[in-house]
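Just the one chain here, laid out as structure tokens, in the form predicted alone.
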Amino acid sequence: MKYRRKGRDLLHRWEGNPILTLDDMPFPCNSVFNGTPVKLNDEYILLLRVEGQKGYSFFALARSEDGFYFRVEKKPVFEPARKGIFEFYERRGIEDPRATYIDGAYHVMYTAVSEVGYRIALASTNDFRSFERIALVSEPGNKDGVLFPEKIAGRYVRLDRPIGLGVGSIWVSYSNDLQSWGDSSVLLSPRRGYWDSFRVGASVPPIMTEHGWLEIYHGTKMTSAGPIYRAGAALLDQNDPTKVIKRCDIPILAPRDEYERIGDVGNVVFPCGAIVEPDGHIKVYYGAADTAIAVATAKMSDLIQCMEMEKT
């Protein structure tokens, strides 16, 4: 496949961006953004965060043959719970899904929103049409949960972003059963003077490479006009993900085009997943200005090389 490139970052914007906007939705809504991708039987699937006209978010599904041109199914596939323990914690919506294939099923970490704040929740699916809620897996004030695609030293591993004293860092946590999590430690924190000086959070479920786990994350810098969201990359040790091997000093994607700079929340590129292709390219899907979904591509080798050029 020929990859069409546009942009000034390491990740190259597809020239047809954005791939999904409000105009592509088959039902009334306010916006569509932050979709998590999977490649299933040579078909690309995007589980989308959609903000409805009532102001809360739910998930819809889009399909594609090439990973660029998507069609959205006519009805939402996963909506806030209306009964049970999840009902209270999802009263203000469900947000930012991240899908990982593990234990023979796709496990989706997402953010449950209620009057008492944010919590990470977990659901599983085999077909992205029916979902089984597993558990609420964090305390309040935590979001951006991504699950590693395999156990490490016999335990499940996730990255998340709790808030402590106003600081948002990426943490590593462990579990024996996907429900009870602990043994947590800080992994990546904001860096004073850098593009990610305000907050950082996990974005793409970690990808195994020969060099270690590749984590594409988002970072923000606060300005007088508000935060700017960019994407960065880090390499984690294969056997001990609490060890950071490399962290890129520069962002790999920054809001530059109009659809990234102008929207419900301006100056945002927010990755939620990626597909590694057989030819060595990676497609990174990201929300743009909380108003659309876009895709950018790069060679995996270029991402690794970017970090190799940086200081340890």
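What you see is a predicted model; the values in this text were computed from it and never measured. In case it trips you up, residue 1 is the first one in the sequence shown, and so on.
Missing here is the form predicted together with a small molecule; even so, the following discussion is about that form.
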*Scan I252, V268, V50, A274 and let me know which has any heavy atom within 4.5 Å of the small molecule in the predicted bound form.*
V268
*Ok, D290, D9, D24, D302: which has a heavy atom sitting within 4.5 Å of the small molecule in the predicted bound form?*
D290
*Looking in the predicted bound form, any heavy atom of N34 within 4.5 Å of the small molecule?*
yes
*Contact test in the predicted bound form: K143 vs the small molecule, heavy atoms, 4.5 Å*: yes
*Is D96 close enough to touch the small molecule in the predicted bound form, meaning at least one heavy atom pair within 4.5 Å?*
yes
*Mind telling me which stretch in 244 to 252, 276 to 284, 58 to 66, 26 to 34 gets its heavy atoms within 4.5 Å of the small molecule in the predicted bound form?*
26 to 34
